[in-house]
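Single chain ahead, by itself, as C-alpha cells, in the form predicted alone.
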Amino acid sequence: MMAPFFKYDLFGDEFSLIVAVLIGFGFGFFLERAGFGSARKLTAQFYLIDLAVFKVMFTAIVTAMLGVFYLSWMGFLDLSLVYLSTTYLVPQLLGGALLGFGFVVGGYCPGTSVVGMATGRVDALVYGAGLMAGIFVFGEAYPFIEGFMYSTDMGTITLPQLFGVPYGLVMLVIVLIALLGFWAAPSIERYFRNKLTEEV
C-alpha cells in the first residue's frame, strides 16, 4: 500500500471529508489539551516565560519531516504526489508578518482561536469576529491586490532546492536546531520569569 492514499484512489471525496473532519477534531482536541486554547498561554511565548508553543510546534515539524523522509525511503510514500504550495516570496513574507502581529496583539492564531471559541472563551470569540471581518475585507479587496498576491513567484521550491544542498543535510540542521532549542528553553524560561518577578 502506497501513500498518499487519496491520490492513489484508495478512498473517494466523501471519505476524504470524513477523514479531514476527524483530523480537525483531533488537532483541536490536542491543542486544547496542550493549553493552546488560552491566550495567556500563547502570549507567554512572546515574553519568553513559557516556550511550550515553540516546543510543540518544533516537535511537530521534526516529526513530520522525519516521517515523510523515512516513509518515502521505505517506499510507503510517493513524494512526487505530496502537495507543495507555490512560493510567492514577498506576499507570503508580508502575510506572515501580519499574522505574527495579529498573534501578538490578539493572543491567538486562527487555529487556536477556533479552539478558544469551542471552549467558550470570550476573547477568542472577539478574535474570531475580527478574523471573519478580515476575511470579508480581503475578499472585497482581492481584485485590487490580486497582482501583488501572485508576484515574486518562486514555484514549488523546497529548502534543499533553495540552498542547493542534500535533503539529509537540511534535516540534520533542523534537528540540531530543535535539540539546541529544547536544551536552551528551560534556562531561557527561568531567566525571563525571574526578570518578570523582579520587575513586579
Partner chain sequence: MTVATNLAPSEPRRQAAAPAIESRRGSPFMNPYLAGIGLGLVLLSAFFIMGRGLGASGAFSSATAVVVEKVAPEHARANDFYLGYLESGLDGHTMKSWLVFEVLGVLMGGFFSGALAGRLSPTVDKGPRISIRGRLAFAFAGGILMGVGAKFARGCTSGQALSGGALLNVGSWAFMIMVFAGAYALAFFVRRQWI
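None of these values were measured; they are calculated from a predicted model. Residue numbers count along the first chain shown, from 1.
Beyond what is shown, the protein has a form predicted together with the partner chain; the following relates to that form.
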| property | result |
| --- | --- |
| 4.5 Å heavy atom contact, residue 26 to the partner chain in the predicted bound form | yes |
| Touches the partner chain in the predicted bound form: residue 143 (any heavy atom, 4.5 Å) | yes |
| Proximity of residue 164 to the partner chain in the predicted bound form, heavy atoms at 4.5 Å | no |
| Stretch 139 to 174 - residues with a heavy atom within 4.5 Å of the partner chain in the predicted bound form | 139, 140, 142, 143, 145, 146, 148, 149, 150, 154, 157, 158, 159, 160, 162, 167, 170, 171, 174 |
